[in-house]
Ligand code: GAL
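Take a look at this single chain in structure tokens; it is the form predicted alone.
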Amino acid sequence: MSASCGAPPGRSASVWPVNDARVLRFPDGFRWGAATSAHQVEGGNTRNDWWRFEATPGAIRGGRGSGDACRHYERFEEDFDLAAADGHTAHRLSLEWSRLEPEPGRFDPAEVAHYHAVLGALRARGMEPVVTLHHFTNPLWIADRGGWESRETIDRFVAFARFCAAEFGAEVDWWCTVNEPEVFAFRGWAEGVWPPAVRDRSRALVVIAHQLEAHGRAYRAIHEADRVDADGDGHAARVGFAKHHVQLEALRAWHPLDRLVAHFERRVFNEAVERAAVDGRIALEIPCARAVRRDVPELKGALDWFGLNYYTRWRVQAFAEPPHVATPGAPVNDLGWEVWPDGLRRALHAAGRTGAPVLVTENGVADAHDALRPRAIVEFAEAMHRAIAEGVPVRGYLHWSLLDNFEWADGWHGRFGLYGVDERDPGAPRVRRRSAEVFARLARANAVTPDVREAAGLA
């Protein structure tokens, strides 16, 4: 993705080419694409902690683990053909650490060659790779040495990032170090529904801190190792991370405890993580947990771009189960998450306050019947357009997901794909949904047009 993608920071819509009142144009060079992660689509990742966790009775909704997933490991060229035909110009993916480094310090030449082929296939189709180095999975040898509670893992991850930058730098300019450190930590170490299935908030805060420190150190390592300009635009590595920004609001605005809990959750889940990569100060504090405070010099200013993952708004209710609920009466997806497009605009403003250009690295709707997704794609795009017009420097949008895939503890229940996949027969042809056509028209036009709205049923 070229550094020139999108309008310069602070540039308003009024200085773009004049819009037809019915057309919302995006800046020249804006990138459109979709996202995946290795474990969720490849299949056969037998050497990581998620594969082992999936064998735990009751761990996965519906009881079906990742297994062969989408067989994307074998079918990546077919899948990229679909995306390219739909006008995608970027694609986010992850490199599976447990494949590349199955044992400490030993890198598998066959797997290295495989990922070169994957990245080359994207480049050949005119799609910019946005590469994530840690998307929730760990090699078993990392998990069995203490995982992300251990400081050794920081060192190991930085070494892995350095290797990848040196090995794949000729094909990759856009690097994402870690994905959603706060989600990773809370799901695995506070709620205990992801590996390693711990229920201890204090340990969860340590994991967030370690992932943030790892990002800061990996940022420096990648810049040292990857000095190749894959795009030929005069810029080498650009490094960021992906942050899940969930909107957290009191269920009962009049209730002081609802407001207080929502405040604490926003502070640790959103604000502290976003701020840490700006000022280098990790300050994580929530009730009933040991605070973590740490200054990390390598973390200060460690953002060439900010990756925003946005899905929903949660209403917070204090001392109640469940602690988070959708707004009463609001449309919800198949996982019970509120579909609230204006939340994307608000989240983009929060991301923009880091001072870094913003890339929407995930946004989508779990919708097996494709009933909500076509309209939501357009409404999310309109919200993003408003944020850009208000001065947020957004460079591109990557829809979650290209394919239906294994959705972690939710198994195969959450269907996010522009293309449907039958997990019982992942070798079968992909099923193109109406939402894929809506997204294709949006990407090709680089605008919300009457044609796009009509395809989404919004004319």
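Only a predicted model underlies this, so the values are computations on that prediction, with no experimental measurement involved. Numbers for residues come from their place in the sequence shown, where the first is 1.
Keep in mind that the form predicted in complex with beta-D-galactopyranose (GAL) is missing from the display, and what follows is about it.
- Taken together, the three residues 136, 180 and 311 all lie with some non-hydrogen atom within 4.5 angstroms of beta-D-galactopyranose (GAL) in the predicted bound form.
- When beta-D-galactopyranose (GAL) is considered in the predicted bound form, only one residue from 244, 71, 156, 375 comes within 4.5 Å through any heavy atom, namely 244.
- The contact residue chosen from 76, 163, 337, 115 relative to beta-D-galactopyranose (GAL) in the predicted bound form is 337, the criterion being a non-hydrogen atom within 4.5 angstroms.
- The stretch among 103 to 111, 254 to 262, 172 to 180, 284 to 292 whose residues place heavy atoms within 4.5 Å of beta-D-galactopyranose (GAL) in the predicted bound form is 172 to 180.
- In the predicted bound form, beta-D-galactopyranose (GAL) lies farther than 4.5 Å from every heavy atom of residue 66.
- In the predicted bound form, beta-D-galactopyranose (GAL) stays beyond 4.5 Å of every heavy atom belonging to residue 54.
- Residue contact with beta-D-galactopyranose (GAL) in the predicted bound form: residue 50 places no heavy atom within 4.5 Å of it.
- Residue 407 belongs to the set of residues with a heavy atom inside 4.5 Å of beta-D-galactopyranose (GAL) in the predicted bound form.
- Counting a residue when any of its non-hydrogen atoms is within 4.5 Å of beta-D-galactopyranose (GAL) in the predicted bound form, the one hit in 360 to 375 is 362.
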